[in-house]
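As structure tokens, one chain now follows by itself in the form predicted on its own.
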Amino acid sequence: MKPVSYIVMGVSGSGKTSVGKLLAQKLKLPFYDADDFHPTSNIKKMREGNPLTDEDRMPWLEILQREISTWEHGGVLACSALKESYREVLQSKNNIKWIYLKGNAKLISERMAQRDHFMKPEMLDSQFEALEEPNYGIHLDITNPLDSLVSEILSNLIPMNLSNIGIIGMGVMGKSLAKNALSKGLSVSVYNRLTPEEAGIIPDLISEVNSPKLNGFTSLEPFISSLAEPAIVLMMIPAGEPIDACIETLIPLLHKGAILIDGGNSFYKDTQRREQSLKLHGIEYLGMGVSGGEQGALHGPSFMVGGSFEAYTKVKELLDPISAQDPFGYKCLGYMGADGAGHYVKTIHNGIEYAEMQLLAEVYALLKPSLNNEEIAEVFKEWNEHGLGSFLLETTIEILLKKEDNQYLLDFVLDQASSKGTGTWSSISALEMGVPANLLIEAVIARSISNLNPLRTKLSKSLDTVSYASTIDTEMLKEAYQFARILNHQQGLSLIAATSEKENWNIDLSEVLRVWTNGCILRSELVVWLIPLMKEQNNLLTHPEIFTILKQSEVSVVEIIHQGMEQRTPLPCFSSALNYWYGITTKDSSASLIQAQRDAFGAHGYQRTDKGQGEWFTSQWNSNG
């Protein structure tokens, strides 16, 4: 049987050469340009602006027909082949697969004007007049990107195995998740938009991975067509408008029953809105919190999923192999509840994370006046190995010891900490729900203060105050640190519980903690320890073991804050933890005065300690009244 040769046809300027060369590269075949085989008389005629006649073309076509027959393994030929009679000559005695590049005259004319082609652009009209479109072969729209055109050709020529999952957005997280899924034996289709800055992302990934189970696209239509039904698509793109824009583009491409997953840090109310909207189109929508950063995504992240339970069960078998494994042998993949539950849990996860990072920064600030980086790292190593092990502590040790040109890199990092939406959303949610999560709020405020660098620098130079470096008792500091961390987690979990009740999510807090035991930024010995306690008590403060630890640690926290004040070291999260502890364990608070003030100037009323619960009173507080 004769080898197959591929002819890419169309009018001049349609991209035959570009498509043909890339196709030949993919098929590992030689590439030929039909223009190179024109007799000299034809080239001269075209340069003069005179269109070729059928009589002119026939010798050229016969040369091509004979040339193709000599290709031992076939080849790829770029040839106009405008008329059916021309194609019949080329087809005779040869095994040809036809690829037709279709475009309008205006677009092609613009392309011709930008090229140094021996044929003058004004001859384009005559080519369109002569064109007889084939009713066979592969027809392609030339407005699509080059690599998408070639991918579509290959998918027609070589039957492509349909992918288990599609991932949109090949940033750090999307790319790492794709590699993770491939390493677990899943077939994956990936899509990334085509811009001048991102043009190499898909080709580079395909070259790097070099797996038959990976299909890459820069056009959404063939990307969706490459997925097994029902299509499961994971979006790993920035939250907000990019998600809405992506959804609008996908709706007409997805069939009913498709499942769209938002793996970004989206606001949970946006997730609720999107889920309701997509239901009208018969498309399932899952909001999925993904934690673990680049390494987590690559080796096994933590997944917090929200949406319909039925849709979750359909994607679970795909997410299960790529998620991290908890200490009990299960996967760090959990169903949090309906609609926005997954994204909400991830938001509060990040809020807790803000406070955990701030606490470590405060510990570092306390120790820095008296210890160098190596010594601080040694303190953290001892903590990490004896009861306080965590991902954040391990990461901080690595940061402290990192050197560049034999100097600690941390010493050259500008003290301005950026933040994204989840910290702010956590704080707003705490205020809206009336949950006193003051540690995460203070952590967000601390980052805001850090960004006032010019003002901080100016004001510091105007101070005459002397600070005193204290020798910090690291055992006492360790106790204070654990005290604040317990309260930070307790506040975050209380916030999840309150919102879950309001939204009817029925979130299992012990399951939330279990999902956080590995693969995510919050993974720690503390989280593992809290799981059984959370099953016994819905509020950690009422658990006897927790309460005893907090009560015994109070003196250490007070001493550490006192030493921090002597050093003029701001300790917003340590102070917030102590103030919260004082407030939550105080029977008779000063709030009686606040409520009396509210009644005095706004007649808001108050309840009395000597009357029944629920009875309200108002008084004339003005002495002249």
Ligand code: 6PG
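Numbers for residues come from their place in the sequence shown, where the first is 1. Remember, predicted model here, so these are calculated numbers, not experimental data.
From this point on, the text means the form predicted together with ligand 6PG, which you will not see here.
Stretch-level contact check against ligand 6PG in the model of the complex with heavy atoms at 4.5 Å: of 353-361, 542-550, 79-87, 174-182, the positive one is 353-361.
This chain appears without its partner; in the model of the complex, the one residue of R193, R447, H299, K368 with a heavy atom within 4.5 Å of ligand 6PG is R447.
Just one of Q272, N518, S390, T422 comes within 4.5 Å of ligand 6PG in the model of the complex, counting any heavy atom, and that one is T422. Taking the partner from the other structure, ligand 6PG in the model of the complex has no heavy atom within 4.5 Å of any heavy atom of L487. Of the heavy atoms in S291, some are within 4.5 Å of ligand 6PG in the model of the complex. Contact annotation for N265: at least one heavy atom lies within 4.5 Å of ligand 6PG in the model of the complex. Looking at R514, you'd find every heavy atom of it more than 4.5 angstroms from ligand 6PG in the model of the complex. Residues from 331-350 that approach ligand 6PG in the model of the complex with a non-hydrogen atom closer than or equal to 4.5 Å are K346, H349, N350, in the order they occur in the chain.
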